[in-house]
Each structure stands twice: as structure tokens, then as C-alpha cells.
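Given next, in C-alpha cells, is a single chain: the form predicted on its own.
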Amino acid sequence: MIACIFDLDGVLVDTAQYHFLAWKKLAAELGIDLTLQNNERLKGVGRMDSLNIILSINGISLPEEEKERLATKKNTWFTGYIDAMKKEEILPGAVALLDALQQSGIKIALASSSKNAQTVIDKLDIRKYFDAIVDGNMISRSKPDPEIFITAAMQLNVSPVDCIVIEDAEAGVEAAKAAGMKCVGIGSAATLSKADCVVDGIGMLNIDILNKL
């Protein structure tokens, strides 16, 4: 392992809860009941693609201009939630792992589909750990397309085969594997079955486990 690439939502911090609250609020305005099961399909997916999934659940078709308006509305609610974040919201074990990787000379990147990733990492006070940051403003294709991870590897100037991705979403695991990278899944082994290794939380990871991959 030469580099470790982290997703953000659900891996380093639970902003996924804020995405769900904002999407659920928007869906309710459209007469859609967004369930937690539906929400699993949105994890790791970009904003417009997430909206299209929500609309498809109820067979709703809208003009692109209206979809842009709705996506912006959702993002306004979401940014309201994250503006109130505290650095203590970083998930247990995340800082210890980032510290260990940095001290061992392992290159570290963030690869998040969120267009708000820069704000979140500043709220968490963890920008200092990342040698590269790729967010939703820098890519044209959402996970499961591998673009975001390929871009991160290029920014780190390393080969994809030397990277390990830490992901919590099925789409993210698929993207990592499509990029030719190893992947650790955070969450359900059933949902993340394509990952090389699955753990319940980032606090269960250490450099020894990652090196064995």
C-alpha cells in the first residue's frame, strides 16, 4: 500500500444522516415517502443522480431546469445542517488512523462525491491529513464510475493498484474495484460483498489490516 483513499460521508463522519434528512424533506414536498431502504441507493451518488433515483421511485419526470432548482433547494437544507457541525462529530477511530497513515508516510486522499466536502473537512479540522482532495465539483461522472478514484490516484501520482479505498457505499465499492484498487467496506458485509474486506466501523481499521490487503 502506497496510498489510502477515503470516502467522506459514512466513513469519516456521519453526514449521511444530514443528506437523508434533506432528501426526505424534498421528497415529501413531491409527495414521495423516502425510506431508509430507498436511501441506501443514494449513498455515494452525486446530487443530480440521487434526485433522478428519487424521482424514478415514483415514476416522476421533470424538466432539467426544475430538477436543478430542486437539487439546489436540497443542498441549501443540507449545508444548513453541516454549517452547525462540530469537529467532535468525526467518527471514533478516524483521527487515529489518519495520524498513523501520515506518520508512516502513506499518501492520503479524500474522494467524495459531495460538493460540500471541503466545508465538512474544515469543520472537522482534518484538512492537514490529505495530500489530495477530489470532490463532486471536480468530476463529471458519479460512483459507481471510477473517475473519482482514478483522479485521486493521479493527484497523488500513484498507480491505482497501489491504492486502498475506504468506502461505505455499494456504488463506492464498485467504483474502487472498477478503478483497479483494493477496497475496505465500512458497514454491512451483505451490502458491501464486493469489497476485499468489510468492518463495522473505521475504528476497527489499522495499518496492519490495510497492509495485509
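Sequential numbering from 1, following the sequence displayed. Model, not experiment: these values are computed from the prediction.
The form predicted in complex with ligand BG6 exists for this protein as well; it is not shown, and the discussion that follows is about that form.
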Any chance Phe6, Gln102 and Lys107 all have a heavy atom within 4.5 Å of ligand BG6 in the model of the complex? no
Give a yes or no for Thr119: in the model of the complex, does one of its heavy atoms lie within 4.5 Å of a heavy atom belonging to ligand BG6? no
Examine Gly46 and determine whether its closest non-hydrogen atom to ligand BG6 in the model of the complex is within 4.5 angstroms. yes
Does any heavy atom of Lys123 come within 4.5 Å of a heavy atom of ligand BG6 in the model of the complex? no
Leu34 near ligand BG6 in the model of the complex, any heavy atom under 4.5 Å? no
Contact segment among 46 to 54, 59 to 67, 152 to 160, 184 to 192, judged by heavy atoms lying within 4.5 Å of ligand BG6 in the model of the complex: 46 to 54
Within 4.5 Å of ligand BG6 in the model of the complex: residues from 183 to 213 (heavy atom criterion): none
